[in-house]
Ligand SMILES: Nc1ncnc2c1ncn2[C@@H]1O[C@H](COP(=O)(O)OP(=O)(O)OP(=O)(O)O)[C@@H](O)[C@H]1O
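Shown next as structure tokens: one chain only, the form predicted alone.
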């Protein structure tokens, strides 16, 4: 059953989900959270991946770095679900569903947006999150390996031959939401690690996504490129949206930081319909600092 959040009808629930691991779910989730915080919203985050806990570790790293640098970094209210046992009984699942519902209801009372990061496998909590999602973001590495969670393709022509398991799970959650009288979920498939160069693979994957978007009712957006700075942010819990200064970064800002920040601004605009924040930095000053270095 879909979980009700009618006590706070203005809250927006954004779910970042994909059964394929390594697609950048936690990176997308933390960047959205910080972008919305910097826009003045009250943001809460939930980590449903009780084993990997990448999202939770990211936020823990951010809090630690903030203390070490003596700088206040905006951080969302965060909840991480406890790890399940190896086998989940019907009683365990019932308790988990109740905890999920009460967590959403409690957070909805004092937050504008709740962002939920999900595990990279089919789990009952993930299915609950899908049904609760006002916006569903599915990060996808730009390859047929990752596309396989959405659809099957012909090995000779690369034309779509049918939908795959994850697409059917999302479709079921959307039908459940519709039956509960909820607005339709805005489903966005995010093409991460998209090459800047034209290639046959890029074209074929793009054609397949265009076909699947018509079949499944999602829209496609360009996500985050493969940039070293995104990997370097994680141990310090930083994002490309944070201030580009040496105190925050722990190093001199470079053009790579500026480019990543512009890329995230475009991403937020594509995902949420409009820029969610204004830059505090003067880019020309950052570029001059970079050139001087």
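Residue numbers count along the first chain shown, from 1. Here the structure is a predicted model, which is why all the values come from computation and not from measurement.
This next part talks about the form predicted in complex with the named molecule, which is not shown.
Figure note: of the listed segments 199-207, 71-79, 156-164, 219-227, the one touching the named molecule in the model of the complex, with heavy atoms no more than 4.5 Å away, is 219-227. Heavy atoms of residue 12 never reach within 4.5 Å of the named molecule in the model of the complex, leaving it off the interface.
At a distance threshold of 4.5 angstroms between non-hydrogen atoms, residue 52 is in contact with the named molecule in the model of the complex. Although the partner is absent here, residue 231 lies within 4.5 Å of the named molecule in the model of the complex, judged by heavy atoms. For the chain shown alone, residue 193 is a contact residue for the named molecule in the model of the complex, at least one non-hydrogen atom being within 4.5 angstroms.
The candidate spot formed by 20, 23 and 120 lies fully in contact with the named molecule in the model of the complex, as each residue has a heavy atom within 4.5 Å of it.
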